[in-house]
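Encoded as C-alpha cells, the following chain is the form predicted alone, with no partner shown.
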Amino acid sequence: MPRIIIDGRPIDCREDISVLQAALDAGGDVPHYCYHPGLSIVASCRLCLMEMKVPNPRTQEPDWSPKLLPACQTPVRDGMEVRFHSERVRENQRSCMEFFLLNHPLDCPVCDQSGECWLQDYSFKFGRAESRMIDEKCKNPKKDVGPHTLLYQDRCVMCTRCVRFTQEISGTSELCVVNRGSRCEIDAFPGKPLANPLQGNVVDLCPVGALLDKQFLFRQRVWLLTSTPSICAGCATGCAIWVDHNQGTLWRLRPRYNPGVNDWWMCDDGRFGWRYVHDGKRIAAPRVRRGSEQTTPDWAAVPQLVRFRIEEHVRRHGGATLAAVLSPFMTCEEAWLLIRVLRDKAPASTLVLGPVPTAGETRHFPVGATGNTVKFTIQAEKCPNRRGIELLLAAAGGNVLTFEQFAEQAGKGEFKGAWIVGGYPQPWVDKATAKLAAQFELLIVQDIFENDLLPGAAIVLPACAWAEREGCFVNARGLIQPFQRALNPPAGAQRDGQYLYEIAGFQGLYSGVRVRAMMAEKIPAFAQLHEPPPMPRHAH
C-alpha cells in the first residue's frame, strides 16, 4: 500500500489511484469538476492542480516543482509529497473559478441545482469575493436534448462528464462537444436525442445544473429533501439508491455508490418508475368478508382474526389444503414471517413463489459489451427479490411449488385455502388466475392495488410499496442488501412487516434488523449482508 504525504500529513492509499482520489479518500476538500472515478480522465477543468516535490535538476534534492500538476492525472507513488494548501495553488483556484463564472448567469434562486451546486460551493470556498467582469455575459439558448432532460447551456462549465458518460458507460454517444475554444458547447448529435436507458445519470453527473430532469424541474428545493438509503425494486440488479422525500412525498431517486453492483449509476426504468407509490387507487385499509357483507376492522383486531381463520380452516380441511404465494416484491423478513405463520399453524402447508415478471432480455452497457467490459446491467427480471424468496423456500423445506404448478393443482381443487401476496406495480392477475378465487373457501389477499382476486377474498390486507418497507432484498448476484424505510404507507394502512410480525405472535414494533437476526440463527446467509461503503466526504 503506497504511503504519500499530502500537506505534511502521511496518507496510506489504495494502489493505482490518482493523488486526487487519495486526497478525497482521506477527507480532503480538493475542488474538481471534470474528474469522476467512473469515467476517463481528461484533466480539463484545472481546478485540482497541486504542487509536488520532484528532484531538482541541479542538486537532485527533492524540491517543489516550478509548475503545478493535475492531481486527477497524477498516479500515487510511494513516498511522493504534494500540497494543496499553498498560495500558488490557491491563486490557480481563484483564477479558474473566475473564468468559470465569467459568463455564468446569476440565476441561483431559480436553479434546480441550487443547494447542491459545486459552483456555489467552490465560489464560496475557493473563488474571489468580487467579479471583475464588466462586459455583458454571453447568453446561450436552453436545449431540449431528450425526452427527460433539458440542457441550460449558459450554466455549463464544459467538464464533459456527460459526453464521456454516453461514450464510455451507455455506449450510445448521443452527446458531443461542438465548436472550439470559447465557443465550445455541449449538444446532442443531430438526429440522435438523449434517450438511452441510462440517460438520467447525466443529470447526477452534472456539477452545476446545466443538465436538468424535466420531471423534477421546479418541484422541490433540495435542502428540504431527506435522503434515505434504499435498494431499487425495478429489476433484479438491485441498485443502491437514495430516496429523496419531503413531508411524506417521494420526489426523486438517485443512484448510491455500490461497487460491483451498480457502481455510480442506475437505469431510467428504476429512476422514473416510482410514480405508483402515490397512486390514489391503492388499497389503504384491511377488509373482512362475513357472508355477503364486507367490513373494515380495526388494525388491532387483524392479527387475532387472521390466526383464527387459518386455525379454523386447518381444523376443517387439514393443513395440506392450505398454500401461501410469496411475491418476489416482498422483503425477505416479511416472507420469513409469513412462512413462520403458515408452517406454525399448518406444517403440511404448501409454499409457492409468486409470478416473476420479465420484460425483454437482459441488457448490458456499454451497448454490445460482454465479459469484463460490462459496466452496467439492466436485468430482464423486473422484480427485486426472487432469489431471496427462493432462499427462504429452500430453507423452509416441505411442500414447495412454482406458481404454474400451484395454479394447476388449485384448478383441480387440491387447495381449499390460500394466502396470496401481490405487491406488483403493474396489473398481474390475469383471467386464469382470477378464476382460482372460486376454488378457495379461505382466501387472504395481500396486495397494493385492486384486482380480480379481491371480490372472492375473505380477508384483504393492504401491501406497501418498496419505499415504505424495511428489510432486505437478494439481487441477481445473490447479494443480501438491507435498506431502510423512507415513507409511511397511505393513511389507514399499516406496513406489511408490522402486521405480519403481530400475526406471527411477536409483540411491539417491527424491526427489519431484529427479524433478520432471528432469521440468521436458522439461515446463516442472512448474517452476511452487502452494504455499500460510504463515498468520500468531498467526492460529490
Partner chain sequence: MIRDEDIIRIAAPRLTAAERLYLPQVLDGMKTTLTHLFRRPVTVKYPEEKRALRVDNHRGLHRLNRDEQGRVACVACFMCSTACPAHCIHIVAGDAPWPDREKYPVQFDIDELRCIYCGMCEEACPVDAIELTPEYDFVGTTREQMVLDKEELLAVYDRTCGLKPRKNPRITGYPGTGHRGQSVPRPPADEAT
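Here the structure is a predicted model, which means the values were calculated and not measured. Residue numbers count along the first chain shown, from 1.
The same protein also exists as the form predicted together with the partner chain; that form is not shown, yet it is the one meant from here on.
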Check: If we take heavy atoms and a 4.5 Å cut-off, which stretch out of 370 to 378, 124 to 132, 271 to 279, 428 to 436 is in contact with the partner chain in the predicted bound form?
Finding: 124 to 132
Notebook entry, point to check: Of these, 394, 301, 110, 359, which has a heavy atom no more than 4.5 Å from the partner chain in the predicted bound form?
Noted result: 110
Checklist line | Answer option from 154, 187, 116, 263, heavy atom within 4.5 Å of the partner chain in the predicted bound form | finding: 154
Notebook entry, point to check: So in the predicted bound form, does residue 293 come within 4.5 Å of the partner chain, heavy atom to heavy atom?
Noted result: no
Next item on the list: With heavy atoms only and a cut-off of 4.5 Å, decide whether residue 106 touches the partner chain in the predicted bound form.
Entry: yes
Notebook entry, point to check: Any of the heavy atoms of residue 218 lying within 4.5 Å of the partner chain in the predicted bound form?
Noted result: yes
Note to self: Against the partner chain in the predicted bound form, would residue 308 count as a contact residue? Criterion: heavy atoms within 4.5 Å.
What the structure shows: no
